[in-house]
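Below you'll find only one chain, the form predicted on its own, shown as structure tokens.
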Amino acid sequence: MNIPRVLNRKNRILLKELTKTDFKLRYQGSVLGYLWALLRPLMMFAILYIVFAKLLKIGNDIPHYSVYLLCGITMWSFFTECTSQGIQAIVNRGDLLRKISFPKYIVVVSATLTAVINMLINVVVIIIFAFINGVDFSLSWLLAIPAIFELYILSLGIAFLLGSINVKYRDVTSIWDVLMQALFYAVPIIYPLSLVAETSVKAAKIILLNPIAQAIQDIRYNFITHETITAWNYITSPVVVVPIILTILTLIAGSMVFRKRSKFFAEEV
């Protein structure tokens, strides 16, 4: 990839405009408009908190569990939106691709950046909840940024990989939606990983090798409570770097497949 060409002013302007357009179109025609960026994760949080925290009494041993849960849901929603919008980006922008010649990756990146905007809005809500729940402000909050970036890189790699395949095989979107439903329960979003560790240490370590789980646990550790189990304080062997390696490989593989397939997008979309 030609880096100067990727970062030139023309491409940056196009990326900015497409991102703004994607964000506006996402909520066009709805009564509440941009408020849905906040309401979706908050409504999901409210339902899960009532069911799992109040009725099933899960998470009583986790400090600030309500913020812990909201943080997990927000980051999961971010990953879900990034990947789903990224996968459909090329197909959704088919008319534009046929009319104008420009680097195709911009379409995917702009779709994922819309998810980044939504996530940043929700992070403000998490911070407010954190202060209300008595979470102490700490400079360790800044250490959550690399984990969020890792989650974005993973999402972008998946979007490049599956998005390029989805242009020809539209079943990819449906398959990914089903897979995401299964992944939601395979990642410790609604339940603390400590519950799994009490039953099986091996199972807890396997879960932490999932880059999604590793990133979300790192964010919770740095942002909410150091009692959170993370790959770095739970896995002592060199395999602790597996999630990072998987994230990098996903981005590399996705970029390579996307670059190879992009020359056919205008014909297949």
Partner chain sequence: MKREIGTRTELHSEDENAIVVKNLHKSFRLPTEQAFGLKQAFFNRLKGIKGYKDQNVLQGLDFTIKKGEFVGIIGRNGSGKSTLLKILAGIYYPEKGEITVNGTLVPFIELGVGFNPDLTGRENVYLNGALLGFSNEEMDAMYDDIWEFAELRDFQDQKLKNYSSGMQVRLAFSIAIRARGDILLLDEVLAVGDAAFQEKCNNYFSSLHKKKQTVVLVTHSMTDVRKYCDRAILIENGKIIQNGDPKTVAKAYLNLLS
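It should be emphasised that the depicted structure is a prediction, and the values quoted were computed from it without experimental measurement. Numbering follows the first chain given and starts at 1.
The following text describes the form predicted together with the partner chain, which does not appear among the structures shown.
Taking the partner from the other structure, the partner chain in the predicted bound form has no heavy atom within 4.5 Å of any heavy atom of residue 149. The partner chain in the predicted bound form is approached by residue 101, whose closest heavy atom lies within 4.5 angstroms of it. Of the heavy atoms in residue 249, none are within 4.5 Å of the partner chain in the predicted bound form. The closest heavy atom approach of residue 97 to the partner chain in the predicted bound form falls within 4.5 Å. This chain lacks the partner; the member of 124, 132, 175, 142 within 4.5 angstroms of the partner chain in the predicted bound form by a non-hydrogen atom is 175. Contact with the partner chain in the predicted bound form, judged as any non-hydrogen atom within 4.5 angstroms, is confined among 152 to 160, 69 to 77, 89 to 97, 194 to 202 to 89 to 97.
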